[in-house]
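In structure tokens, the next block holds one chain alone, the form predicted on its own.
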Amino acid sequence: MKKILVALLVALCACSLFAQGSTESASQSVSTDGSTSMESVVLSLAEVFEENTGIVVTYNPTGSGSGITAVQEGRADIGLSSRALHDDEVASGLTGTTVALDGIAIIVNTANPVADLTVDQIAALYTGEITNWSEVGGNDAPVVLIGREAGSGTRDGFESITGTEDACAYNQELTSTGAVITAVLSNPNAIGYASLSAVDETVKTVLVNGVAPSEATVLSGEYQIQRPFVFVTKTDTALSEAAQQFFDFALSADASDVIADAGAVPLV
């Protein structure tokens, strides 16, 4: 009988320790959800943070609008938005904190000879006022307009800066930054917009009013088509200890090189 009691006690202790370990493990994680444009920045920050703390940061690339909703509904610790919060979102109990800046690059196929566009020309292209590349110094070919889906922070930023809200005549509305880049890569007549942090040599970045998007021109304000990368939290609800640590790290000087290496512009 004593042997049976001892065995039961050992089993109960083991179960207790397992449950405690599971709870501690669960508390030492941070969930983020939202902007696909912020992927490189968030994953780079998460990697360095995990290496130094052992705390895992998960990332769910759903788009800015969905990330904001995830925080409102308590499905994520931190929402990721590649635009500033709207007044109604702030009024609903959310706080947006800018962690970096990002240029929205205007991209065309590498075969397209157009190298420089004004903001007015970009607006005219996207609203359908200009329909042929020859009208802006390009080939005699129809313009194919690639953009992001409704609710995208990149789309919101692009349209608000160019004054084309609800007026763009998109040929394709795609759900991620990568999809936009791929669409422009595969069509010599396409034009798109994408986070500067995500653009590579497979597509051509167009100058805007003679200014190339870069860390320096975004920070100085010379490059006009830019937007913030924002962490979204509940105003009156404290973050978990792990989430607060990640939040503080992302805003610290220690994160500046990580953010810059990921292609965005650090604030400090």
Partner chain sequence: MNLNERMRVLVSGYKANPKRLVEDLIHFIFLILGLITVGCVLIITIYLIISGLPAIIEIGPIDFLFGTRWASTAAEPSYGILPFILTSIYGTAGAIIIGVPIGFFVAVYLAKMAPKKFKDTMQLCVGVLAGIPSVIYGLVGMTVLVPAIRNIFGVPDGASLLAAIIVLAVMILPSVINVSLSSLEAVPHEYEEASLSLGATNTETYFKVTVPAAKSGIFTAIVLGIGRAIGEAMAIMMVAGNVANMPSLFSSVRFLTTAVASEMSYSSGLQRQALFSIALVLFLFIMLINAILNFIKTRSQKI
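Because the structure is predicted, anything quoted here is derived from the model rather than measured. Numbering follows the first chain given and starts at 1.
The same protein has a further form, the form predicted in complex with its partner chain, not shown here; the description that follows concerns it.
Of the stretches 122 to 130, 151 to 159, 97 to 105, 76 to 84, only 151 to 159 has residues with a heavy atom within 4.5 Å of its partner chain in the model of the complex. In the model of the complex, its partner chain sits within 4.5 Å of a heavy atom of residue 187. In the model of the complex, residue 72 stays away from its partner chain, with no heavy atom inside 4.5 Å. By the criterion of a heavy atom within 4.5 Å, residue 135 is excluded from the residues contacting its partner chain in the model of the complex. Under a 4.5 angstroms non-hydrogen atom cutoff, its partner chain in the model of the complex lacks residue 233 among its neighbouring residues. For the marked spot (62, 175 and 182), a heavy atom within 4.5 Å of its partner chain in the model of the complex is present in each of the three residues.
The partner is absent here; in the model of the complex, the one residue of 171, 118, 92, 139 having a heavy atom within 4.5 Å of its partner chain is 171.
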